[in-house]
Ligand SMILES: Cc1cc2nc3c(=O)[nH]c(=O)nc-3n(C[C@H](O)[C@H](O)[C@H](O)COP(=O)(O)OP(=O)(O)OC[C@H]3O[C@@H](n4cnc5c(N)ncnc54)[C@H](O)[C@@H]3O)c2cc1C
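Quick setup: one chain, the form predicted on its own, written in C-alpha cells, and binding and motion questions come after.
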C-alpha cells in the first residue's frame, strides 16, 4: 500500500514524538511509524535540564512532566572510595528558576504519545523501515507499506536508516568505554540529587525517579574489548558487581539489588556534516549521537524538534527550511557533544596524585566560587530555543 503526502516521522522516541507534537501545533498532518508493535515500558532514567524542559512547556506538557518526575536540587561529584563530596553544584540555590527533572524515559514517552494522540497524530506500529530514499521526493519502504511523503523526518537513533541514505555507511569508532544501566529500589533513601562517583577508569551515576521509589544507575568503565552498540543487550549482574566492587557508593549497597542489567559499547559517531537531502531530514541521535557524559541527548533532541517544526512552518521552500534548521542547530550540538566527550577523563583519573590534585581543585572551586561553578553551564541550560524568532 502506498501512503502519499504529509509528513512521516520514523521513530517514536523522544525526538520523534516531540517533533510530531510540535508540527501539529502548526496544523501540519503527521504520521509516525515505529518498528515496535507498541510502546513498551522499557528504558531507564533520563535527565531533562532546563533547556529541554522549556520545549516540553511550549508543547503544553511541562506541568504533567513535572508531576511525573523528580526535580533535582543538586549535582554532586563524589570520590569513589571515601564517598566524600568533591564538588557540589547546588542547582536549587544558584540556578534558581531553572527546572532540572529526573524521570523514567518510559514515563516521558507515554506523556508525549498521549499528547500526540490528542493532537491528531497518526501512528503505524510494527513497521520496520527497510529503505529511505531521498531522490527528488522522499520514499520510505517498510515491512508493510510504501510512503511517499512531502517530508520524511528520521528520528530513528544511531543506527538510522535515513542517515545511511544521506551520508552512506560510516564505521563509528569504539571509545574504549562501555555503559551498564539498571534500575533498583530506593532502599537507601537517595536524596533528590544526581550523583557522580568518580574512580580510576570508571564512574557511576545515580539518581532517583518515580516518586523516589526507584534509583537509576548508569555505570561506565573503560575496556579494550568492543561491546555491541545496543541499549537492549542483556548484561550479567554478577559481572557488574565484580567490575565495581571497589566503589563505596556511600548510600548503601545499591549494586546488591541489581537483578536485571543491560550493557552496551559507547561508540563515537561524528555529527553529520549534512542533515538533509531532498525531503529527508535527520533529528536527534540520527544527526548527532552524543556520549552520555553531559546528560544532553534527550534535551538536544527536544531542541531539534522545536526548531525543525518552526523552520518547516515558516517557509514554503522545503530545502530552505531544512537548511535553516541545520544552520541553527549544528554548531550548538557540536559544542555540547565536544564537552561531553571531554568529560570522560575528568571522571576516570587513574593516577592517584593527579586524581587527588584534580579533586582538590574541584573542591576548592565549589567552596570559594559555588555560583561560578554552577553558572559555567549557563550557555547550555539557560538557552531557550522556544524564544528564538
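Source: prediction; values computed, not measured. Residue numbers count along the first chain shown, from 1.
Below, we turn to the form predicted together with this ligand, even though it does not appear here.
Screening 145 to 153, 309 to 317, 293 to 301, 270 to 278 for residues having heavy atoms within 4.5 Å of this ligand in the predicted bound form returns a single hit, 293 to 301. Contact check for residue 19: every heavy atom lies farther than 4.5 Å from this ligand in the predicted bound form. None of the heavy atoms of residue 374 is located within 4.5 Å of this ligand in the predicted bound form. Put simply, residue 346 is far from this ligand in the predicted bound form: not one heavy atom of it is within 4.5 Å. Using a 4.5 Å cutoff between non-hydrogen atoms, residue 207 counts as a contact of this ligand in the predicted bound form. The single contact residue among 81, 137, 128, 242, judged by any heavy atom lying within 4.5 Å of this ligand in the predicted bound form, is 128. Of the residues given (46, 50, 59, 30), 46 alone sits with a heavy atom within 4.5 Å of this ligand in the predicted bound form.
The three marked residues, 75, 200 and 351, fail to reach this ligand in the predicted bound form, with no heavy atom of any inside 4.5 Å. For the stretch 90 to 108, the set of residues having any non-hydrogen atom within 4.5 angstroms of this ligand in the predicted bound form comprises only 105.
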